[in-house]
Ligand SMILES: Cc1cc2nc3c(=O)[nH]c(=O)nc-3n(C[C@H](O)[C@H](O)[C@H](O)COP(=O)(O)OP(=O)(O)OC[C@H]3O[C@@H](n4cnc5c(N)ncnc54)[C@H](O)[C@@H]3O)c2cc1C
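Before any questions on how it binds or moves, here is one chain, the form predicted alone, in structure tokens.
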Amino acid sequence: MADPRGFLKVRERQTQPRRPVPVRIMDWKEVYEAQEKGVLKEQAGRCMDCGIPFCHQGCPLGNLIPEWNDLMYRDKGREAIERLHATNNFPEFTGRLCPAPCEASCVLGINQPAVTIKQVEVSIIDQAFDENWVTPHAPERLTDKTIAVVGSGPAGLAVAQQLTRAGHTVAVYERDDKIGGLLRYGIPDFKMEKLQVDRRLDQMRAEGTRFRTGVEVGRDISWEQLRRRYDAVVVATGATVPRDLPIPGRDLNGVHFAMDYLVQANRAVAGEPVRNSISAEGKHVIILGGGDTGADCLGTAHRQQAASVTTLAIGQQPPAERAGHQPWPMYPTLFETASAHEEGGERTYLSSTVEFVGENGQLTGVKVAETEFVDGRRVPKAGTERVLPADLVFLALGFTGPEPAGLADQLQTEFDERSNVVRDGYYMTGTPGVFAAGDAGRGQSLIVWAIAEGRACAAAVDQWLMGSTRLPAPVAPTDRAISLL
């Protein structure tokens, strides 16, 4: 146990400091600064080493949280990263991007602020990279099996790394020009700089994983060709079909899907050429959707010096504390302030979007109305309509599932009622040798679920190919996802 009286001596929860708003909106560097070592040690010491650590239940990866909290408290960083890597391939991603369901189920959180688990996690991996403790783990011997992983987001990378370490020859196919999926093109640099992706890819290349960029499976090479060429294929394409809002004026110039905007921003920050650039500079911006993607658009618009930014959410503002129907250790729906919300902008709840207004094909405003609930449905309240000025609207309404093109006609893959790839209890689709992991099979979910599914799917593939496996399988595909929509 880190400190038997730590949670009694240090009752205050101190998270990572954020750079001052006037400074950070002038660049695209990460918002968070490193925590002072003494404070980090105190925060790790608040871990109670519970008899039943419910943080394990809250984490789909089953991270050994009390163990590495104790090791960080004792200044044993090298041992801490070994325990962290035992369950999580990419703690530098989850430590920055995961909403930390483990903290929601922390036992200390029953009557005190929860342990800063996420902060300790990212501090462990950052120290490990700084000290050159993150080294390649190449397999001792190779099998004669080959595997294609389609998609290079967190699920695809987790599958690939696990199977490479098991001795298989793994090739990752990515249609973009660089590896990383949404980690590369989608997550703003102020949340995670791409150095984090690049140095992990360096490790994977040294281990033997092969990467094929600029190849769109289903068009440049068919799924059937891929299946014939490899012993197994893993579909890890994510849930990339955005949810649309088919209301009058949707075709006006100035209404965009959020990801179209965010991907362009990633490319611009990387110094890559951007065609038909969408810029918020000097414009009135409205974001539809109050989730993480909407917050990413908000922070991006601030850095592009938008004239104003307003976020509209159709539902009620979440409570600041746990609701009665979401008791500990459930993951609660709470009103949260992301770093982007600290930087400015207006947040409006119970706001239904009725129509996009424009002149000569150009967006000029958004007609909204108050939301009322009728027979359990959210509908615009008559007589409350008003028009908000807008030059740009970003639809951040979530995603409906993976892109079916190629999968449906070339592999005869089935999709469920939520448009996700149908698979069995071992991640296999209806086509033998073709597996699905991450959001493609689960639907839009958390990054920690993507990595957990990637690890478990890798074990299923190894078992199918070799008859047995030593790879860990943290979750089954039937486990319930935590939705942030």
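Heads up: residue numbers just count along the shown sequence, starting at 1. Bear in mind that the values here come from a model prediction, so they are computed numbers and not experimental data.
A second form of this protein, the form predicted together with the named molecule, is not displayed here; the remarks below concern that form.
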Within 4.5 angstroms, counting heavy atoms, which one of the listed stretches 256 to 264, 197 to 205, 318 to 326, 271 to 279 is next to the named molecule in the model of the complex? 256 to 264
In the model of the complex, is there a heavy atom of the named molecule that lies within 4.5 Å of any heavy atom of C47, even though the partner is absent here? no
Is it the case that V215, even though its partner is missing from this view, gets within 4.5 Å of the named molecule in the model of the complex, heavy atoms only? yes
Using 4.5 Å between non-hydrogen atoms, is W223 touching the named molecule in the model of the complex? yes
Taking the named molecule as it sits in the model of the complex, is T293 in contact with it (heavy atom to heavy atom, 4.5 Å or less)? yes
May I ask you to choose, among L182, A128, A306, L350, the residue with a heavy atom within 4.5 Å of the named molecule in the model of the complex? L182
For the heavy atom contacts within 4.5 Å of the named molecule in the model of the complex, list the residues of 391 to 427 involved, in sequence order. F399
